[in-house]
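As a starting point, one isolated chain is supplied in structure tokens, in the form predicted alone.
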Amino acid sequence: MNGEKPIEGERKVFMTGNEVVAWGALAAGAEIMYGYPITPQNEIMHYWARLGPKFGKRFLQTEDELSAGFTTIGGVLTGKRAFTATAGPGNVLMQEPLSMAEAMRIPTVVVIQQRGGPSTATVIYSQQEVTLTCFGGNGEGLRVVYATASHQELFDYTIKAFNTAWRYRFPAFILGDGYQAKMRESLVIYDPAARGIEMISPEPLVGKTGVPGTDREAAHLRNAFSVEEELLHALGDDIEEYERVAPEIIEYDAFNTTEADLLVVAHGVVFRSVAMAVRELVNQGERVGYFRPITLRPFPGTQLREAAQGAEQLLVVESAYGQLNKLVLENLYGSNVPVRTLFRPGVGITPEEVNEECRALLAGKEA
């Protein structure tokens, strides 16, 4: 089966989110996964280790998450379309190699299935890894972070992350969660080529033939600097490029923003509850809308400000203690619109709870 495509055309399936990620990586042409077990992402490794060899793919279980991150970088440096996955404390440990990938502009792809914190906490669910994933490590957060809300998006953005990483040479993350990892839901899996998606071919970043600077351009892969001014110069170039390409990367979803007195902001799986509640309220005649950042890095700040212009108040809903809210407030700086919050760290939020909170805020406004 090594010469066969993992997916021919497209087909509808019913599977867990972790299984979806493995199929998405196969569809994207990933060649090797490096990883270390941690709930709730374990099954990504299990499915990949079972499916991959059928199509000539490889897997290496490392001794810990530090090693998983560094070996993933090593695979990418040799020109492999490599990836890894982790969660919670593993995400913490992996920040050292991921900081290295950020500094050296190595197109690393990482899947994060968030779990509750701090430390070991719960192995099930949270949205408490937003700050860590977006800004973790001793760098400036020059990363791309896609926050998925469904199994279809897990598949779509796993494929997209490989292209984004290789096109822009910034680490790319798919930020899921324990609910998405473990639950089953239907989706359509497909061969990217069947939908006109051209996968960017990886290339070796080291070990090329010829003399650097003479036969070819030098790679300038560097993560250590002798003096502060060198670091400033290198970061300045990277930050300038990150800001330049950000408009091409940014993604968001918005509904009924021009008609809304109350704008609800959410991301990831919590957005599903928000979308259901908001649409129900609109059908009942309420002036409510929603805004969903799909990329948390870079953040769709301009689009959020535009969506919030006509609203009398915002409601930020998340399963964390304000990690999304910090991004919202930063990008709304200077705006006078009041921002309310519904925080439930590590706990799922239902449409009914969002509906109740919205009605209370609308009633208070009208009073």
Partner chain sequence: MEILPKMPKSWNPASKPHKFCPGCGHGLVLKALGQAIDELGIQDRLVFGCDIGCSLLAWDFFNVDTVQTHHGRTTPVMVGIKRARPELVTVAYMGDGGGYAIGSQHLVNAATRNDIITCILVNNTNYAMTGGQMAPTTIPGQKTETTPYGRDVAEAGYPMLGPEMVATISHEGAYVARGSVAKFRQLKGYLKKALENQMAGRGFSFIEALSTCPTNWRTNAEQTWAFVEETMPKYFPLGELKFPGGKEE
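Because the structure is a prediction, the values reported are computed rather than measured. Positions refer to the first chain, counted from 1. For clarity, a rigid core is taken as the largest C-alpha set superposing within 1.5 Å between two forms.
There is another form of this protein, the form predicted in complex with its partner chain, and it is not shown here; the text below is about that form.
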property: Contact check for Ile32, Gly75 and Gly207 against its partner chain in the predicted complex, heavy atom at 4.5 Å; result: yes
property: Selected contact from Gln152, Thr131, Asn223, Asn163, since only one has a non-hydrogen atom within 4.5 angstroms of its partner chain in the predicted complex; result: Asn223
property: Contact residue in the predicted complex, chosen from Arg305, Arg340, Arg58, Lys326 - any heavy atom within 4.5 Å of its partner chain; result: Arg58
property: Close approach of Met104 to its partner chain in the predicted complex, 4.5 Å, heavy atom; result: yes
property: Partner proximity in the predicted complex: Val188 to its partner chain, non-hydrogen atom cutoff 4.5 Å; result: no
property: 4.5 angstroms heavy atom contact with its partner chain in the predicted complex for Ile249; result: no
property: Heavy atom of Arg169 within 4.5 Å of its partner chain in the predicted complex; result: no
property: Partner-facing stretch of 327-335, 48-56, 308-316, 32-40, counted where any non-hydrogen atom is within 4.5 angstroms of its partner chain in the predicted complex; result: 32-40
property: Those residues of 54-71 which, in the predicted complex, come within 4.5 Å of its partner chain by heavy atom; result: Arg58, Leu60, Gln61, Thr62, Glu63, Asp64, Leu66, Ser67, Phe70, Thr71
property: Flag for Thr209, CA shift 2 Å or larger between the shown form and the other one after aligning core; result: yes
